[in-house]
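One chain follows as structure tokens, the form predicted alone.
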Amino acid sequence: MIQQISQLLPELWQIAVVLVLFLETIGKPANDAAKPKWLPLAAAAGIFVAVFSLKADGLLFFKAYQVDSLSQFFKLAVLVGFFIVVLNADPLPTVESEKRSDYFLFLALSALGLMFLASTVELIAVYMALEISSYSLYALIPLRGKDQRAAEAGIKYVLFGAAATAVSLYGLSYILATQHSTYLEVLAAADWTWTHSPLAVIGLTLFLAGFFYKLALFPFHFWCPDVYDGTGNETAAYVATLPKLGAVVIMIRLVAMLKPENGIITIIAVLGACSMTFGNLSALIQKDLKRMLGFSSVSHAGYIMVGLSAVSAKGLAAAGYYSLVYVLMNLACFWVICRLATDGRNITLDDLNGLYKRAPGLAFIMAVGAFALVGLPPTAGFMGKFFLLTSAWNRGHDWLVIIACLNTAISIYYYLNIVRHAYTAEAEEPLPAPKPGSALWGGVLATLLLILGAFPGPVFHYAEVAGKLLIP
């Protein structure tokens, strides 16, 4: 019993945070608008708990819950992201005072669902964990004062989410009917070829649709730019980052069951190429930063498919490493957006004009985030794309690597356009300067991106060890 508790320390810590927040929402006066002062400290402590649990290992709950290197890596990534999001969600200008305590409760509950998702190795449990992480967001996305765009964003997220869930459950019925099991350990030994098990292949493809939706992978991306644009800046920072981790970890486990020449891998590669191309071309014409980052996330979902299509330990490690880096570089950009939009408005490119004079720290953070997103050295984004491209070369999808390189060249224009506005354009009228110290934690994010770009070895090696447990 004590050993099982030690294997579940990150989850138990997050459950404790959720319970305390729940009790606080019950007892706190409705007009108390303050964020719980203990929450950032609790979120930071969760990171240390996850680091302490990195070497935990075990199979729990009737073999439906796997604690291994892969799960612990992603739980740590989720808790790091949760900590940054909690710091970023201050002072929540577009959320009514009486709803702010509930806001953080839903954030914590969604992060808990993502942590469950990292360890589930049984498809029904996967579905349940996915819904736990999603239901909270259905409530959070419309919270933006009386802005009609928030209502539209909430409706679109719910409708697309419900449709993706229905398709996934339909695919699950095919898998159960043909393979007679929902345990990944059993499914890994099953036949997943079109010749012998066409219904099983169709079922797995449909089941993956729910995770394509979370990743905003083409053609499941339509909700993404509209939701980013309509919801609050702080909420968009969460929706754009952490749910991607849950989708990637499950896709890693599912892809590990297949062979590189499998038809499902070809589908993943084709969708990845389409997603990269569509996302980058659409982002070229955007002026609203959140819409630009929305289409950017569509393209980055395609980049992650490059690593998954390799179906190797190095490829899975590259996908895991890049998903972590993606969270950091996106949160760095959203940190600047939230610091500039103190009234909760959407930020356009023109709002960045002269930023290097008003807030040189924020300008630097935005520059590092943009350089990382495009994949320029010496940032972690460069090393992430390097790992992805090298892992996929000579694995049967060289054409996908070439398309990824071409799309990286296309993305240079709109990412560096952000830097151009911040450093070379002048504001037509004086804009208010951000609060002193607003760049502190964003600076930490920028530093992490530079450190992971210069010394990616330890993190990537740990991710590769996790990948080798799935694909020796």
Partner chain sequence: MMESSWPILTILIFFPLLACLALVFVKTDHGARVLTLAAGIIELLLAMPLLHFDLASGGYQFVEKKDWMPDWGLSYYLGIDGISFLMVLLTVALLPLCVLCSWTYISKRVKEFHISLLLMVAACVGVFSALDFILFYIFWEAMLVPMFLLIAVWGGPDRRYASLKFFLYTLAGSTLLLVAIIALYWTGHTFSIPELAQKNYSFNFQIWVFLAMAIAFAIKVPMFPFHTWLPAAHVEAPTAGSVLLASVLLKMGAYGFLRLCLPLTPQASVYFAPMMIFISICSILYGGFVALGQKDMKKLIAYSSVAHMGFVTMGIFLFSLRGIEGALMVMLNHGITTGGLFMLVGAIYERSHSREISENLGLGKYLPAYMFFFGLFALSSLGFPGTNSFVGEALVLIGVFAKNGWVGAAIIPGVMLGAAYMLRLTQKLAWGEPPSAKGKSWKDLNFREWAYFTPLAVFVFYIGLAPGLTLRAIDPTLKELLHTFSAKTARKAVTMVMEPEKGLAGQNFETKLQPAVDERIGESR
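These numbers come from a predicted model, not from an experiment. Residue numbers count along the first chain shown, from 1.
The form predicted in complex with the partner chain exists for this protein as well; it is not shown, and the discussion that follows is about that form.
Contact check for residue 408: a heavy atom falls within 4.5 Å of the partner chain in the model of the complex.
Shown alone here, residue 23 lies farther than 4.5 Å from the partner chain in the model of the complex, counting heavy atoms only.
Contact between residue 237 and the partner chain in the model of the complex is not found at the 4.5 Å heavy atom cutoff. At the 4.5 Å threshold, heavy atoms of residue 278 stay clear of the partner chain in the model of the complex, well away from it. You can rule out all but one of 171-179, 191-199, 78-86, 376-384: in the model of the complex, only 376-384 has residues with a heavy atom within 4.5 Å of the partner chain. Within 4.5 Å of the partner chain in the model of the complex, a heavy atom is found for all three of 314, 394 and 402. Of the listed positions (73, 212, 371, 104), a single one reaches within 4.5 angstroms of the partner chain by any non-hydrogen atom in the model of the complex, namely 371. 413 is the sole member of 413, 52, 38, 61 with a non-hydrogen atom within 4.5 Å of the partner chain in the model of the complex.
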